[in-house]
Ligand code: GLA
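Only one chain comes next, encoded as structure tokens, the form predicted alone.
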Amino acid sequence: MTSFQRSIASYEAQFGSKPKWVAHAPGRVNLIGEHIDYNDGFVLPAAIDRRLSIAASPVNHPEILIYSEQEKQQVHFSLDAPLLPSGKWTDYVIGVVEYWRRLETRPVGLKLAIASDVPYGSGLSSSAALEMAFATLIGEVWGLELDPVAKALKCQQVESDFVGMPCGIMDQFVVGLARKDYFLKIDCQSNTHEFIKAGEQFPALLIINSNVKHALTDGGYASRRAQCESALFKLGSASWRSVSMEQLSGSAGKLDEVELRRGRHVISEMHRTLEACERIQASDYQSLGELLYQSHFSLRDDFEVSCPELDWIVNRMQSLGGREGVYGCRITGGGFGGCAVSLVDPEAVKRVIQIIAHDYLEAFGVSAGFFLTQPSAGCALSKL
């Protein structure tokens, strides 16, 4: 069953009635443009065809009652009490409640059942899917449905300020605005976007899950952001968009070695993302795949957010190369584990999966996960 169907089944099993709504939102994969959304860069994500769903109905008392399929437990909190972060997954829901309570809304109690096809902790943005799906739901029920951009910005604020993970705008934007068959080019300085169509001959998007879990709130992500901000301050610039590679190279006396490498990734990744858009529009998938490899090596060496398992996956995919139908591969998401995104000839997918599955298990004693996806639609609300 899909997450949509399972959320309804879970709701009925937990609460003994049928839900009134199902809010659902996709995970996302970022094709290229990593760790530069919070650096005023360009990113190129797409929604995936795996979704998180929330079945819900109102209740006549000021309480939110949540059942999670994954956690196998009910959690509840009062709408009349102060809402503070707890460090648990429920912060993504509680934070949305708290920030929407500050708007001109009419808070209504809810019963919820959550089911998800988006792997947790895999770099596919299950957190933004949960935030945006729930925000879409309470926007309808509480009488204040924001436009997709405003909703995305508000959910980013929840994750950054309430949950404590200082993310950029990419995840919430693409979860809210995505269109089927399109990548979303986001200018993270102006908060504007452009749809880049994946052509009919676009390679298969194969996601390879290392099954190494990451927790971005443990400091690795925040430290990278702080290092970028420190380097930019020392350069005397207001934005990385105004810093050239030549300027960065000439600033060795101002920045330490780590800050130089962080800046080198930011500047080079911006250029790669813009070039990737051109390669997609020209159907030049060989060159596009090479950009993915360059992005991974920059994230590995200059930004230091990869891990041995993901490096192995990328190197093995590169060794297969064109003779096995592999165009390119790289880490996707915040890093420190999670998934790689790869471009593969559709006719070669089965063979590539067999090779990587066998060799990865032999190398690490852990099974990798695989699924094919395609650029998909953003979050929505269904009335039952």
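Note that the coordinates shown come from a computational prediction; the quantities given were computed from them, not determined experimentally. Just count from 1 along the sequence shown to find any residue number.
The next section is about a form of this same protein that is not shown, the form predicted in complex with the ligand.
Trainee: With heavy atoms only and a cut-off of 4.5 Å, decide whether Y67 touches the ligand in the model of the complex.
Mentor: No, Y67 is distant from the partner.
Trainee: Give a yes/no on whether G334 approaches the ligand to within 4.5 Å in the model of the complex, heavy atoms considered.
Mentor: Because a heavy atom of G334 falls inside 4.5 Å of the ligand in the model of the complex, the answer is yes.
Trainee: For D40, is any heavy atom within 4.5 Å of the ligand in the model of the complex, or not?
Mentor: Looking in the model of the complex, residue contacts with the ligand do not include D40, since no heavy atom lies within 4.5 Å.
Trainee: Within a 4.5 Å heavy atom cut-off, is H35 in contact with the ligand in the model of the complex?
Mentor: Residue-level check for H35: yes, a contact with the ligand.
Trainee: If contact means a heavy atom within 4.5 Å, which one of 275 to 283, 247 to 255, 170 to 178, 195 to 203 is the stretch that engages the ligand in the model of the complex?
Mentor: Going by heavy atoms within 4.5 Å, the stretch is 170 to 178.
Trainee: Heavy atom within 4.5 Å of the ligand in the model of the complex: which of W240, W89, Y221, W312?
Mentor: Checking each option against the ligand in the model of the complex, the one that comes within 4.5 Å is Y221.
Trainee: Considering L288, M165, V118, I94, which brings a non-hydrogen atom within 4.5 Å of the ligand in the model of the complex?
Mentor: Here the answer is residue option M165.
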